[in-house]
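Below you will find one chain, with nothing else, as structure tokens; this is the form predicted on its own, and questions on how it binds or moves follow later.
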């Protein structure tokens, strides 16, 4: 059975790894030459992680798994064919694993900010930190990426670090208990936290707020949201809030699946989170179901582990410090052990592909 995997990030690469060897013939459509571990971008920004710890080359991985690598962007689907920039890839089943793009929500002056949503953007931000040694850094958005970036930069730089959050607390998608513990840890590191603060414009030397006030800054980093990739936006598939709407088997259509950040996964009233942990589980489950299909067996329903009402996460708060979250429970000790666990999980994931 010919399977086209569109996107070679955490989800797409893990799906291929789990399903091989087996009855599936994979074609991976990914313009990059490497797999990248997005969870480690904040650590790379702060000089804690090295490039080789968060990347793995695709060529040897594809050779080992018998996968054809089409190093092009996917443009659209036409029937059972993926139309790429130069190629056309026929499939029996397709898996969309294109991740998400940074969402700036129409804010003026975003060209004056940095992002850590892709490796290239993170490398650009890291070069600026090294070359310019900024004294005041504003991080807009306090999700996992914003909190981890603020923590690491507060330790690695002699600079004033600010987190700016439009909602009333940091990590607004987590429980109030988690937010309170993380805010306390950030404050101990000297991070300035501005909540209920709406950014309206990013200038080269300051951030303008909706109430007319402003703050001088030497570097602005935007981490305040994501949106579907252009490929997903242009697809004629069922959508919810712009994301591909899938069923309990993670299918958008009979022979088209969607996983990771590209998908809206809502099963039995529970909405899956857009995290690496959940994307990895999507990949394993779809890999197993594709093998079942190829062998003429019935597919199995997916069970969400990390949902919006029951978060599961490990949050790094700098060197030798992390907290664990399971639902409304936030485990803040022993911090060094939790940090070691998170670091091992993140770095061991990329080693699977080397």
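Residue numbers count along the first chain shown, from 1. The structure displayed is predicted, hence computed values, not measured ones.
Beyond the structure shown, there is the form predicted in complex with a small molecule, which is absent from this document and is the topic of what follows.
Listed stretches are 184-192, 157-165, 268-276, 211-219; the contact stretch with the small molecule in the model of the complex is 268-276, by a heavy atom cutoff of 4.5 Å.
Taking the partner from elsewhere, residue 65 is found to have every heavy atom lying beyond 4.5 Å of the small molecule in the model of the complex. By the criterion of a heavy atom within 4.5 Å, residue 29 is counted among the residues contacting the small molecule in the model of the complex. Proximity of residue 41 to the small molecule in the model of the complex: non-hydrogen atoms within 4.5 Å are present. Contact check for residue 10: a non-hydrogen atom falls within 4.5 Å of the small molecule in the model of the complex. Remark: none of the three candidate residues (142, 249 and 305) comes within 4.5 Å of the small molecule in the model of the complex, counting heavy atoms only.
In summary, among the residues 137, 207, 74, 171, the only one with a non-hydrogen atom within 4.5 Å of the small molecule in the model of the complex is 74.
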